[in-house]
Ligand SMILES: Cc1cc2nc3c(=O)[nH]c(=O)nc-3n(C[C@H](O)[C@H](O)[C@H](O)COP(=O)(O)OP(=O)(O)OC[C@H]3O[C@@H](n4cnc5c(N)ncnc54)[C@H](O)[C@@H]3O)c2cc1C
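Single chain ahead, written as structure tokens, the form predicted alone.
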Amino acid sequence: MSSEPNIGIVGAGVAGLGVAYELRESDADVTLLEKREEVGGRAATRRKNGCTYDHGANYITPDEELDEFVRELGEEELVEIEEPVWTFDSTGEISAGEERDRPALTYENGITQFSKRVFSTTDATLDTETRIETIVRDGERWRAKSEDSRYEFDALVMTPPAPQTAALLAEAEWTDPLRNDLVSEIEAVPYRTILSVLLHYPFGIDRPYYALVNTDKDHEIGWLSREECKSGHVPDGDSLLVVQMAPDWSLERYGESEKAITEAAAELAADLLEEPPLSSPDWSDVQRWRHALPDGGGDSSVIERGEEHSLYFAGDWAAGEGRVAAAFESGRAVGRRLL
């Protein structure tokens, strides 16, 4: 690399931002290439009808070090969810869960604030609505091509979900035999498809828990949470359920209309909570997450061989754990190795 290396990061989710954060005081010229309109990836927030809601990752569960980092970013509008997470099984039987060993954090303006705050500490350039279609190994440098732009980097960091990363590598203009090894390793990472269904009601839902999680993985609903437990997210007296459907259910219905998905999910939520009125929300929203969460990760002894060619990988799938904190720390680890 030159004395001022040019580093490209494909994806401005929390992993990509972790890389950029570690490089913030370096001499590197860092560019984040993001296909969406803003940073954050699956740690995403929407606003509708006076409500703020996290429709992908629901909160951050930091260890002690990351908890300190989050608070150093600024505690204004930081929200800690006090209510517990309970469990339910395939029959819909609900049971009290265990106490948390880590805080559950988001923000009054939504979990995307974490990504925005991290990005504000960096000197990285952000190119949004930039979908990388091809990567090319050109001598000792990498080129990344989108429909409208061409980029050239000394080092390239890939942070999209494993299936998308593997697809880009499979089509890459790179003749080294390592490419095939990387593709085989990365495309083998299993991923869950999840439909997130948001159900709003103009009345309260009184429960002793924030969320329910299906523990035996044999119910049509995988996760159900109450967004009103997050300060500033839902007007007083209203309720907003975040219902994340099980992978098999989500795959089966992925191509259906939003109306059909909402009606089916609302019936299931009403049945689980034993409240028939919940089958008729007054408004709803649906988010399709084709590559929502990894069920495991790639072999780091193979994946890190890419670094011999200035090609790096970060993300929850690289960490082997589908959590915001794991993705962010994966990015930070790559950033430290780049340094």
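Please read these numbers as outputs of a predicted model, since none were measured by experiment. Residues carry their position along the shown sequence, with the first being 1.
This next part talks about the form predicted together with the ligand, which is not shown.
Partner contact region in the predicted bound form: 52-60, out of 22-30, 52-60, 277-285, 295-303, criterion any non-hydrogen atom within 4.5 Å of the ligand. The ligand in the predicted bound form is not approached by Lys217, whose heavy atoms all lie more than 4.5 angstroms from it. At a distance threshold of 4.5 angstroms between non-hydrogen atoms, Ser196 is in contact with the ligand in the predicted bound form. Shown alone here, Leu168 lies within 4.5 Å of the ligand in the predicted bound form, counting heavy atoms only.
When the ligand is considered in the predicted bound form, Gln244 lines it closely, a heavy atom lying within 4.5 Å.
At a distance of at most 4.5 angstroms from the ligand in the predicted bound form, none of the three residues Thr87, Ala211 and Cys229 contributes a non-hydrogen atom.
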